[in-house]
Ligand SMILES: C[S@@+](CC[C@H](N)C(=O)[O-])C[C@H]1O[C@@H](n2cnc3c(N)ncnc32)[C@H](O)[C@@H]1O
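One chain is shown next in structure tokens, namely the form predicted on its own.
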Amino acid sequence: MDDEEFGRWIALVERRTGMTMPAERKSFLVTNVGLRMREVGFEDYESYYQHVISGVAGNLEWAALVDRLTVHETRFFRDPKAVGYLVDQVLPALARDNARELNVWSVGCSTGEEVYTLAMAITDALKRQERPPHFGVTGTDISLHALGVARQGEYPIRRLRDIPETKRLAYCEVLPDGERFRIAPALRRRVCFAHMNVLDVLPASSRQVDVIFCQNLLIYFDRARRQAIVEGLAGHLHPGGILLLGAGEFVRECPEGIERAPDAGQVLAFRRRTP
């Protein structure tokens, strides 16, 4: 792949996903595009590029290629500080302010570990508060393959070590082969997954949520795009709702209508102002 072809590919990736692909990641793109195009029978990058940008078949192939180009590195309870802040500070405050169902959104949920982590933590927290488990967690991602794994809720047995023992016993079922485990049906009923490009959150819709987790996703976008995504996410929060970002995903300007949560400590959290 020469520099001109590389330029066309990175422009396509940024236009369709918003993700930037710096020159030092050329080998990553070349390897993954090359593997995929050989799987489907193309011998050169140009003919494969033309296929990807053309027609319905190209759209379907693009969905498969995106799965190769997006990173799905995640695990259960990856950020215990953020989960602890949700349980200890956010949920009690939301419980005082309203009695409606709690809605949580995991943006860029990958294969679902974060979604199930949040569902486990919220269920236990509501039990301690003697509140009924009226909540739902929605996970969205651009990868159809990752969402398929998330909906199935089955993971390699080694992933159990990331889950605290009490939650492991309450919410996980080891499968008969002993090599995999499944999230318990009662917890899976509390979650749902949907296909969505993070760029599509920019126009705020009428649907609003109480908590948004967006962690380890913004690092793949340039500064202007990060700012726009955070502003779009903020527009989906109920007044008093919380947006939690990853520790390294700071934005230069706090979007209008939200402010840094004063009780968040080391967690990067923003609260939607209440009118």
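We number the residues from 1 along the sequence you see. Note that the structure is predicted; figures quoted are calculated from it, not measured.
The same protein also has a form predicted together with the named molecule, omitted here; what follows describes it.
Screening 134-142, 168-176, 185-193, 81-89 for residues having heavy atoms within 4.5 Å of the named molecule in the model of the complex returns a single hit, 134-142. Not displayed here, the named molecule is kept clear of Leu65 by more than 4.5 Å at the level of heavy atoms in the model of the complex. Although the partner is absent here, Gly108 lies within 4.5 Å of the named molecule in the model of the complex, judged by heavy atoms. Looking at Ala121, you'd find every heavy atom of it more than 4.5 angstroms from the named molecule in the model of the complex. The named molecule in the model of the complex is approached by Leu217, whose closest heavy atom lies within 4.5 angstroms of it. Here is the short version: of Thr70, Gln208, Gln227, Asn32, the single residue with a heavy atom within 4.5 Å of the named molecule in the model of the complex is Thr70.
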